[in-house]
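Next up: just one chain, as structure tokens, the form predicted alone.
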Amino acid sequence: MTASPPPIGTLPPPGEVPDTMWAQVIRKDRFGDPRTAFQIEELPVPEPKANEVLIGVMAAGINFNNVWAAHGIPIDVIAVRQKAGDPNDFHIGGSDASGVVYAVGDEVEGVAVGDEVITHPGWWNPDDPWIEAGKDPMLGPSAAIWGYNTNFGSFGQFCVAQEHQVLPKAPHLTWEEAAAPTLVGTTAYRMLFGWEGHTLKDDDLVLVWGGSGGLGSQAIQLISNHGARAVAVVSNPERGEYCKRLGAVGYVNRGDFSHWGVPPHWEDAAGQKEWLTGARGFGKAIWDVLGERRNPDIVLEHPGEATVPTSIFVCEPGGMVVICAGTTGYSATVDLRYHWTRQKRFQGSHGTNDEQAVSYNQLVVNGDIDPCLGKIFSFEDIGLAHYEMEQKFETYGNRVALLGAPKPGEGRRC
């Protein structure tokens, strides 16, 4: 081992592990604006335990979960871990990584030093009785999102992941492209294929919120590749055209409507009438895109508070609204009249299991799914990257920060 961390933009030869590393770190006393919540610190390189892998990080994907971590809401991830016995008083986030294996813990058999890999974000305790019983790990009590609920994610020069999370990097992708899509891509895959009775079928119609963003860009490709049809919801026509290039049959501009947010109480007749006018207009806009009166069989939700009422309203009777986040807030209100009488499913979806992650990654390796790299940040600007995501700065696809990889320029776009 060597004493000092390597400069950002470099890594030592595989197998040579330094004592310390540079990392973008969140601490409780600076919760708030991501630009100040994240600070660069020198910390010890973590050691892989049994069934764990130490990865030298070339590039790290930026996801909304660490916007929440920076603010300490809706949970303080540091406090939660400390309550469970973790002695560390800091958080190194990052739920997407591309890199090289530097060391493996005991019982690791399928990964070797020098392998070029990516990670998926599903983490769980292998001794969890739920998992030992053969049930879906992401529904188990110990399920967590790596690099959010867990520490030592991809915003350090070295990260630690469980062996089952470590998957082969697509050889045709650059480090930054490979780091871009896995959390959002595996999330979209689970949303579309993970819920029995409402898995994606040929010719299904799927409404995709935030179609030009990270989750949406992956979902549209998965839908199109499966022989189904995607209609994207976007904020302007330029983003809509981008979604069409990815395979969407068309788009709806949410800026044409103003009924967003929690609807008026059902006893407010005038307010209800105004809201219904907006929701029905939004539904008609979907018909206009299709050229037929057809409602979405599946709605992929993640804005939450501002949009869930409309999603439930426009979903096909017997269809499913599936949600994985709440980027506009998580106090959503559902008008149950349009939920129970039309027998719609409102399904939560979180993370990925191994089977789903492997299936998604194989599509990437095969070249069937483009990672949609939108913007590259320096290691120093990881806080800025999260701030821009929170403030909804214009970016198509996914954001990535470089750590061990040298600065390549602007990358490529779908």
Ligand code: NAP
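For clarity, every value in this text was computed on a predicted model and none was experimentally measured. In case it trips you up, residue 1 is the first one in the sequence shown, and so on.
Another form, the form predicted in complex with the named molecule, is not on view; read the next lines as being about it.
> What I'd like checked is whether 124, 131 and 162 together line the named molecule in the predicted bound form, meaning each has a non-hydrogen atom within 4.5 Å of it.
Answer is no for this spot.
> Quick one: of 95, 98, 187, 310, which gets a non-hydrogen atom within 4.5 angstroms of the named molecule in the predicted bound form?
When the named molecule is considered in the predicted bound form, the option within 4.5 Å is 187.
> Using heavy atoms only and a 4.5 Å cut-off, determine which of 235, 224, 151, 295 is in contact with the named molecule in the predicted bound form.
Checked against the cut-off, the match is 235.
> Among the candidate stretches 38 to 46, 350 to 358, 22 to 30, 377 to 385, which one is within 4.5 Å of the named molecule in the predicted bound form when only heavy atoms are counted?
Within 4.5 Å of the partner lies stretch 350 to 358.
> Can you tell me whether residue 290 touches the named molecule? I mean in the predicted bound form, with a 4.5 angstroms heavy atom cut-off.
It does not: once the named molecule is placed as it appears in the predicted bound form, residue 290 has no heavy atom within 4.5 Å of it.
> Using a 4.5 Å heavy atom cut-off, state whether residue 119 contacts the named molecule in the predicted bound form.
Contact with the named molecule, no.
> Using 4.5 Å between non-hydrogen atoms, is residue 210 touching the named molecule in the predicted bound form?
It does: once the named molecule is placed as it appears in the predicted bound form, residue 210 has a heavy atom within 4.5 Å of it.
> Given that the partner is absent here, does residue 397 sit within 4.5 Å of the named molecule in the predicted bound form, heavy atoms only?
Although the named molecule is absent here, residue 397 would touch it in the predicted bound form, with heavy atoms inside 4.5 Å.
> Need the contact residues for 379 to 397: heavy atom within 4.5 Å of the named molecule in the predicted bound form, sequence order, or none if there are none.
In sequence order, 389, 392, 397 come within 4.5 Å of the partner.
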